[in-house]
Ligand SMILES: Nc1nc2c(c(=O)[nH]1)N[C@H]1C(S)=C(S)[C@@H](COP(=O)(O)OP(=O)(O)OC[C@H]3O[C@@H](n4cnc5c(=O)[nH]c(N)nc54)[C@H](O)[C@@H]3O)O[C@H]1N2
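Quick setup: one chain, the form predicted on its own, written in C-alpha cells, and binding and motion questions come after.
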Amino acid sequence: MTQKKTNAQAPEKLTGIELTEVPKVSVGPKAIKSALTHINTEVGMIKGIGLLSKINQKNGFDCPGCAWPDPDEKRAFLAEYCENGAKAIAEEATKNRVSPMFFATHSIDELAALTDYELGKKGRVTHPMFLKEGGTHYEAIEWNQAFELIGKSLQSLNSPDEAIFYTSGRTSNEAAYLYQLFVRQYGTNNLPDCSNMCHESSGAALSETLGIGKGSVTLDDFNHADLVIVIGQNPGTNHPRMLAALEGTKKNGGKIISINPLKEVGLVNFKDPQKPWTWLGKGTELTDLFLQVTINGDVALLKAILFLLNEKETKNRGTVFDRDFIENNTQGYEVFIKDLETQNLEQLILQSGISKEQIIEATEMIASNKNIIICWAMGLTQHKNGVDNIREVVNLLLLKGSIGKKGAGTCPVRGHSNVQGDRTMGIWEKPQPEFLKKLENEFHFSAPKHHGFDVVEAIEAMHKKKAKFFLGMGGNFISATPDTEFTAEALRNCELTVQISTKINRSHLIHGKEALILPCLGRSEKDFQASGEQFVTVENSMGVVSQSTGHLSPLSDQLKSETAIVSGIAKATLLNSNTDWEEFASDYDLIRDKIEKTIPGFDNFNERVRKPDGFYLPNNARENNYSKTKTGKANFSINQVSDITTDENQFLMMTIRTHDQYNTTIYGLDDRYRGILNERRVVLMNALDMEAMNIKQKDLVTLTSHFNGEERQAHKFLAIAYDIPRKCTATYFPETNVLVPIQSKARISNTPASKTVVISIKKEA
C-alpha cells in the first residue's frame, strides 16, 4: 500500500504581524505578567501558583526547561524559576487533553494543517495510540499490545543496527540508564540524542583540550569572576536565570563582554523578578562591551584578540599570559604561538566584522583581568568550524590561566534540563570501552563495540533504508532536525516509528508504515510504582546531580513513567535477557545502585542524592587535572576561520528562537524582546541590504538555500529590518530547518550547521 505523504513542514500561515519598539530592559514585571498569563490560561491560577512553588525547590521537581543550575544553598522563596520555566510547566500541566476521541475526530492530514503552535496547544496525550499501515487516524491501543508490537518489530530486523533509538534531553537519569542498557543488550550503539545537534561541538573540543566534555565552572564562580565573556548565546530568552548570575558578577566588580550578531536585550539591562524593589529603577546594566560579530566571524575575532594579546605579552613578558600555568599544565604552546604570529591581523578584523578600536578595547579588558569565564551556546557550536570555535575559546583561557580556579573557566550553557545527565548515563553512539566493560561485568552480556549512528548518520541510514525502526524517547525529532523534507522521507522509510511523548507534536504526523504514540508522565507528576512513590534524578549544566519529585496527580491513569515504558519494551523484546526489567521499574533505587557500580562519581548514590543539595560529580578540569587528554596536559590547538563565502546576492542565515519558545515547543507567537509580535514567518535583515534589493518592510519573500549545487526553498516569509550585520540574516527555528542541508555540518562533531546557511532572497509577487 502506498503511503500518503503528509506535509512535513509547518503550514505557510501568516498570523498578523505587529512590530513594536525593542525593549530596553529584560525580565522585571512584564516577565512575571507573561508567566502568570500562561499559567492562568493553561492550568488555572490557584493550581498554577501551587505548582510554581515547587519548581526547582529542594523538595520539589526540576524545571523541565533549561539546565541552568539552582543555587547550592538558599533557594528563592516561591520564584526559583524564570518566565520560560513557568511557560514550560504550564504546557506540561495544561488542562487540555488529546484523548482517543480527539484522534478519532482529527485525521493525520487535518492535524498536519496546524502550525506547531496550534498542535502544542491541543494538550497532553492521555492514552497509547496506534496508526496502522495506510490508516488516516490514530486509534487507542492497550499498553501490552504496544509493547508486543515493538518487540516483534525489533525481533524481525535483520540486524540490531537497523534500529534507531533517539533520546531527548529531558529524560531522567534513571530512564536514560535503563534505555541505553536495553539498547546495548539488544545489540546496537545507535543512540543518537539531541546533544548531537547542539553541544556535540563543545564536547568534542573540550574533551580534546581539557579531558572532559563538560564545563568547569560552578554557579558561585560568577560571583568571583573579573570578566565574563558571553559569546553566541541569548540567555535572556533561552536561560533567563543566568541573568541573575551575571548580575552577581557586576555587583562584585566584574565586567561583561557580549559577542553576538544580534544585540539581545537580555544582555543589555536586567531587572531581577525576585527583587520587586528594583523594578522602579533603571535595572542592572550588564554588558560593558558589545561586539556585533558577523555570522561565524567568531574564530576570526578570537584570533585577532589573541594576536594582540601576544603582542602585549611579547613586549612585557609575564604581564599578560600566565606563564606558570602554561609551563606546568599545557602542551602545544610554542606551535600555537608560531601559528598565531603568521596571522594577518587586518584580514581577521575584516572577517570578524568588528572595528579595530573595539577589538583593542576587548583585548585590554582581557589582558588586565585574570579570572575569566567564557559562556557560549548554539551560536558557536552549529557551524562547520564549530569545534574550532570552542577550541579557540579554550586557547584564550589557557593563555590567561583561567581554568581550574575560582571565578574562571569554561561554561557551555546546556539546553534541555537533563541533556548533560543523559550523556553521563551512557546515551552516546560512541561509548567508551571502559563503560561497556563495566556494563558487561555487571549485567552479564556482550555489549556491541562498534560505534553507532549520531543524528545525521541516523537520518541518512533511514533515508537509505539501512535502518527500518525509529524510537524517540521524548522530543520532536522532525522539528528539531535539519533538512526537513529529507528527514521526513527518512522516517517514512521505517517499518515502525515510536514516539514517547507528553504532548502531540509534528513528529507524530511524519511516521513510518506503522506508528505508535506512548504517553508518559511529566516531570511535575507523581510517579507511583510497585514499591511506592518514586523520585528521579537529573544533572544540571554544572555537574550537580539532584532529585526531582513530582507533585501533581497524573492527568490520566493510562500514563506510564519513561522508566516503566523502557522496562515494558525491553521485556517484550529481549526474551532471553537475564535482567529483571520489572524489578527496575518497580523501584528506582535499584537502578541507582547499578549506576553507582558502573559510572564513576556516583558512590553512595542513593544516600547522597537524598540530601537536599544533591552532589557534584568529579570534574578534572575544575581540579586542574588534565591527565585524561591524549597528552596528559591541557592542549593548545590551531583552528580555522570560516571558509564559507557568499556571492554578491547571497547572505548568511542563522536560525534563532523567539522569546515565546523553548527548543521545538512554541508557547506563543510573540518575540517580545525583539519587538516582533504574533508572527514567526519572518527573516531579519539589515535595513541597508533591504534598500539595496528594493525590499520594503514586511514584504513577502522566498528564501533559497545553496549548498554544493543543491537548492532548498522556504516560501512566504516577511522581511523585517533589524539591527544585524550586513549580509547576515536571522530566521526562526524550526520554520527554516527545511533550508539546512543534511550534509552541512561541523567537522569532527557532525553537528548540523544551522547557524551558517548560505541563502538568497527573492521578493514574492
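A quick note: this is a predicted structure, and the numbers were derived from the prediction, not measured. In case it trips you up, residue 1 is the first one in the sequence shown, and so on.
One more form of this protein exists, namely the form predicted together with the ligand; it is left out here, but the text below deals with it.
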{"item": "Contact of Asp388 with the ligand in the predicted bound form (heavy atom, 4.5 Å)", "value": "no"}
{"item": "Close approach of Gln547 to the ligand in the predicted bound form, 4.5 Å, heavy atom", "value": "no"}
{"item": "Touches the ligand in the predicted bound form: Gly474 (any heavy atom, 4.5 Å)", "value": "yes"}
{"item": "is_contact(Phe733, the ligand) in the predicted bound form, heavy atom dist at most 4.5 Å", "value": "yes"}
{"item": "In the predicted bound form, the one of Lys503, His224, Lys468, Lys571 near the ligand [non-hydrogen atom within 4.5 angstroms]", "value": "Lys503"}
{"item": "Interface residue in the predicted bound form among Lys214, Arg241, Arg184, His416, criterion: non-hydrogen atom within 4.5 angstroms of the ligand", "value": "His416"}
{"item": "Heavy atom contact within 4.5 Å of the ligand in the predicted bound form, the stretch among 262 to 270, 435 to 443, 457 to 465, 607 to 615", "value": "262 to 270"}
{"item": "Sequence-ordered list of residues in 231 to 248 near the ligand in the predicted bound form, where near means a heavy atom within 4.5 Å", "value": "Ile231, Gly232, Gln233, Asn234, Thr237, Asn238, His239"}
